[in-house]
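A single chain, nothing else alongside it, follows as structure tokens in the form predicted on its own.
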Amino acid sequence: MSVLLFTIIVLAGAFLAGLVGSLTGLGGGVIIIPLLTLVLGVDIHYAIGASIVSVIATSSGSAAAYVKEGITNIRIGMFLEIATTISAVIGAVITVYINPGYIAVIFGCILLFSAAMMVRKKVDHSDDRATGVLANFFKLNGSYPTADGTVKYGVHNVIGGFIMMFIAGIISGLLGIGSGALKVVAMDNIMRLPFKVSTTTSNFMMGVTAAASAIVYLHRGQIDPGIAMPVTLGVLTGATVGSKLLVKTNTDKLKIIFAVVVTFLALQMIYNGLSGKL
């Protein structure tokens, strides 16, 4: 395969990954890594390195808009980043000591979990103003604007959320994805934040978490510009288009279809990992 053809395929695949990832909230890494490893035969470590760079780009672009709108809780984001950045570096460091097949199996399991989280019915905590002791101490409670005015909310179980974020950071550094599903578990289910706050704050954190692990991959020479550049451009463009389509699109059916596709990719990654093909 020529370099030009490889770049075109990666660019097109990354655009699709960014588009669908933006519409479903999973991010482009869940598609781009299987594309690079299963279809194009790229070493999984280089695929992870390229995915991490794309996570930094997409998070930086969309996070600025959410912060400007006043939805993102910056205090929670900065507090939980203590856990995610440290653990992301740990995840990136231990990757070199783990068999690529095992990494593929772990990635497949995380994809299955993400697919299940995507179709699961969510419970809105926007009317929950009760709060925890640590949330008061660190002043993590906040508010966000809506069409009906400002809505205040309380934060719960800060320690539980911090521990889950530590696990999410390890997965992010190990696999090169945003670990959005685990972060939603931490902020939505454990800390009981409203939808918009948990998703936007998670997006705000992803870039910082990815940047921490990217240093390790860059030091090892596993971020190849020939792969990372088209991946980043494609995912960033696709995510931008997806954010504009999101307002007009009914994502419920799309999420079910995407969950099926992600499940198929997950089983393929697990099979190839166990059979030693990666």
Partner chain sequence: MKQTGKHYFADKDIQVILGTLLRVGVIASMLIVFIGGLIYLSGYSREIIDYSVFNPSKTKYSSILAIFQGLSALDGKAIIQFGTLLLIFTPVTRVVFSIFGFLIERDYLYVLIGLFVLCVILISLSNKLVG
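Positions refer to the first chain, counted from 1. The structure displayed is predicted, hence computed values, not measured ones.
Below: the form predicted in complex with its partner chain, not depicted.
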4.5 angstroms heavy atom contact with its partner chain in the model of the complex for residue 38: no
Interface membership of residue 243, its partner chain in the model of the complex, 4.5 Å heavy atom rule: no
Non-hydrogen atom contact residue 271 with its partner chain in the model of the complex at 4.5 angstroms: no
Contact of residue 79 with its partner chain in the model of the complex (heavy atom, 4.5 Å): yes
Heavy atom of each of 51, 199 and 255 within 4.5 Å of its partner chain in the model of the complex: no
One stretch from 106-114, 167-175, 67-75, 184-192 that, in the model of the complex, holds residues within 4.5 Å of its partner chain by heavy atom: 67-75
Interface residues of 222-242 toward its partner chain, as seen in the model of the complex [heavy atoms, 4.5 Å]: 222, 223, 224, 225, 226, 227, 229, 232, 233, 236
